[in-house]
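Before any questions on binding or motion, here is one chain by itself as structure tokens, the form predicted alone.
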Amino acid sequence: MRLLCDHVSYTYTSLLTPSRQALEDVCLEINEGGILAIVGASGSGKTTLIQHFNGIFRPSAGRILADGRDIHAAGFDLHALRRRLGLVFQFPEIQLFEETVFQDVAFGPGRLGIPEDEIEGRVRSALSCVGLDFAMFRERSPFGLSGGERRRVALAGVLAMEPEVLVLDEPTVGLDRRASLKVEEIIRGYHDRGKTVVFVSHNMDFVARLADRIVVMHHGRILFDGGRAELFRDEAILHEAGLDMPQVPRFMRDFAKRGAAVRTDVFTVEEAKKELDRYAEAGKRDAGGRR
């Protein structure tokens, strides 16, 4: 599914507080098959933007198009759109409510009208995607699980609906490193099945490892839209948006500034190790040639 935000603006209005513009003239195209991260400081409009994708919010100006059709036009089936686009809210585990893991994960497919004889297969597949053994977890209460396990059950509930586009709001917030790495693995696995993934995150190390495209939001507008290497070369944009440089690119940048001939467009510990090993081997060869 192709999504397009066409000059979208949105203003929060309330009888009790002054109006506040959350989005201003946002133009964003999301094509099939990528992993897109939306980043920015608190209040920059990230969560408001993704809640426009499936019609939770309606633009004050502009349009949201799904495969070329305005999702708020007369006759458009928003229910069908929400089957194709799964939105996982921040702290999704607080929305768990059924007595067993199986019932919770099966709830969404049941609401979509999936035949009962297909639902068990979907639940089994979704739990496998998030690394939870079907036999071990199916009859357990979600409320007796660890925080990371509850987060994974909540993700499984969305994955069981098999959306074409998976949208996650701060998927690692409140999780320790081990649980965060598991969420990263889940996202990669879903993307590898040919799905599109969009996620909002404050965790720039997570973003650097995972996203192939990054959108930076600032005061409700898009400040940057491009690849990782381009963004992390431009420290001025990061500073303006109030974002931190991820640890691995920062280390490589600092090492290069001290005179080391190393690449700085590396984003994972594994990539950095390979580049440092290459640099060390090159140094040994140079030293041997000078003897």
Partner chain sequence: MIDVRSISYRYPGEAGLTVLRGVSLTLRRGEYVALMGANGSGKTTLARSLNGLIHPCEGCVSVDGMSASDETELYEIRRRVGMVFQNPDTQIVATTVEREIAFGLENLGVDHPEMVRRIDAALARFDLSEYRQASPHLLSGGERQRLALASVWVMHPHYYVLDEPTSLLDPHARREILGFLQRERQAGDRGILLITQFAEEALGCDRLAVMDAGAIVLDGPPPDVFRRIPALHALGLDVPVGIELEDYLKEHGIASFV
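Treat the numbers as computed from the prediction; the structure is a model and nothing was measured. Positions refer to the first chain, counted from 1.
Separately, the form predicted in complex with its partner chain exists; it is not shown, and the next lines address it.
Peer 1: May I ask whether 42, 243 and 272 each come within 4.5 Å of its partner chain in the predicted complex, counting any non-hydrogen atom?
Peer 2: Every residue of the spot touches its partner chain in the predicted complex.
Peer 1: Looking at 54-62, 222-230, 24-32, 243-251, which lies within 4.5 angstroms of its partner chain in the predicted complex, counting heavy atoms?
Peer 2: Contact criterion met by 243-251 only.
Peer 1: So which of 110, 121, 189, 147 gets a non-hydrogen atom within 4.5 Å of its partner chain in the predicted complex?
Peer 2: Result of the distance check: 147.
Peer 1: Test of understanding: in the predicted complex, would residue 68 fall inside 4.5 Å of its partner chain by heavy atoms?
Peer 2: Flag for residue 68 set to no.
Peer 1: Counting only non-hydrogen atoms and a 4.5 angstroms cut-off, does residue 79 reach its partner chain in the predicted complex?
Peer 2: Residue 79: no contact with its partner chain in the predicted complex.
Peer 1: Wondering, does residue 203 line up within 4.5 Å of its partner chain in the predicted complex on heavy atoms?
Peer 2: Result yes; residue 203 sits at the interface with its partner chain in the predicted complex.
Peer 1: Considering non-hydrogen atoms and a 4.5 Å limit, does its partner chain approach residue 90 in the predicted complex?
Peer 2: Yes, contact at 4.5 Å.
Peer 1: Mind listing which residues of 163-182 have a heavy atom within 4.5 Å of its partner chain in the predicted complex?
Peer 2: Heavy-atom contacts to its partner chain in the predicted complex: 173, 174, 175, 176, 177, 178, 179.
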